Every structure is written in structure tokens, then in C-alpha cells.
Ligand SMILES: NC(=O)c1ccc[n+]([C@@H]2O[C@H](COP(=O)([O-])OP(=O)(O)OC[C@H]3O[C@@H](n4cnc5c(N)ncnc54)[C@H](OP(=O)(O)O)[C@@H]3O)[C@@H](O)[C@H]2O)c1
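First comes one chain, alone, set out as C-alpha cells in the form predicted on its own.
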């Protein structure tokens, strides 16, 4: 896919998802201070290390796959080390951050005038059905955007956004799978309360969710229109939707997503 050496700092779920999508394991190095997390890469031709500096020195593209609270320490470790090569060596590397709430300027201030791309992927990337939003930093070029797009395109779809929208994107699609899983939980429990087995209730829920999503995607019909198509006057769906309406479920979901956006903003301030 890319003839680039890619170093991934952080061997979490998203780092592993990206590795599955990238087709050339010999061009990948994973760094994590926890040796147990690196064991799963044994025998896969993927280089591993517990030293972030070694990964940064080796890689041409550095993916910062760490938690927001750990980002500052990781960046300080990179700049405080005696980096091999000239002082401009870091500027020739592309840094891609997938940490929620962390602005490109935050990374640029700590590493210098380096090209940075901020990316917000989501967990369906684990099965190559992810949604990733990318936003270039001040010093990133179009070729850097292309590289980031190719990497995250290997695990799903990619859209570009201005960075001012990234906190909203994080709240909507980054956290979004959890909202759908929450609804799936509720539907499965409803089935159980009505006497359907947990296994069958879950099967009904999953296929219904998948079918609904594919119907909306493939037809291009707006969700509210699809809802109206299912809702017959005086029927079962209308009875259910009246409960959701009286409980102000739609407003609660909107408030929840806005709260997630506010939290994303706070993460970079802390």
C-alpha cells in the first residue's frame, strides 16, 4: 500500500486494527512500554520495541496511538532524548495523532515545526469498517494528507475536516459506536423481558441494526423518511415511537453528543 516505514507508538486496539489493514508487516514497528502487549506480534514479521525513541528514529510515519492523558509525557520523551541525526530530522517525519481532543498545535509546540495530521478513527476499524476523520496541522502538506488517508483508508472510510470541527466529529463518530451499542443492549434486554432467549434476541437486534444501516446507506433516503416508511398510523411502531417521544429520547441523545464534544475540548486543556 505505502512504501513507508510506519512506527506505531501504543499497542492498543486501534494500533492493532491499523496493523491488520496495512499489508506490509516488515514496514511496521510497534512500540509499547508494556512488553505483554507486544507478545501478540511475535512471528508476524512486525518489529517491536519498548523504546519510543527507537521507533521514532526508525519510522518515516509516526502514529501516536496513546491516550490523551499520556500524550504530553510521550512527546516530552521524544524531544528530551538525544535524537539520532541532525536537528531537522524530526521535520522530515510525519506525525499522526489519534488521541481524542489533542490539537495539532499541541504536538507542534512540543516537537517543533513538524508535519502533523490529527485523525479520529472509530472502533469498527477493527473489522475494516471504520470511519476516520482527518485534519492537517499547520505544517502538513498535501502529500502528508494522502499518506494519512491511505493508512486509515485501509481500515474503512476517510473524510477530511477542518480542525475546528474535530471535537464534534469525535463526539459523533469517534464515540458514536458506543451509542449504537447502548441501543443494541436496550433492544436485546427488551426481547428478553418479552420471553425471547438472549441468543435469539441478540440475533434479531444485530441483523435489524445492520439491515437498517445498510438500507439508509445504499438508498440514500434520509433516516426520518425511512422511519416514516416503517411507521403505520395506529400500528406497533407508532406506539413505540410515542413512548420514545414522550421520554424525549431524541433530545437526550443530542445532549449526550454535545456533552461528548465539550469533553473532547476539555481533554486538550487538562
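What you see is a predicted model, and the numbers here were worked out from it, not measured in a lab. Numbering follows the first chain given and starts at 1.
Absent from the display: the form predicted together with the ligand. The rest refers to it.
Segments offered: 68 to 76, 107 to 115, 161 to 169, 182 to 190. Contacting the ligand in the predicted complex at heavy atom distances within 4.5 Å is 68 to 76.
When the ligand is considered in the predicted complex, residue 100 lines it closely, a heavy atom lying within 4.5 Å. Heavy atoms of residue 34 reach within 4.5 Å of the ligand in the predicted complex, making it an interface residue. Within 4.5 Å of some heavy atom of the ligand in the predicted complex lies at least one heavy atom of residue 12. Taking non-hydrogen atoms only, residue 123 approaches the ligand to within 4.5 angstroms in the predicted complex.
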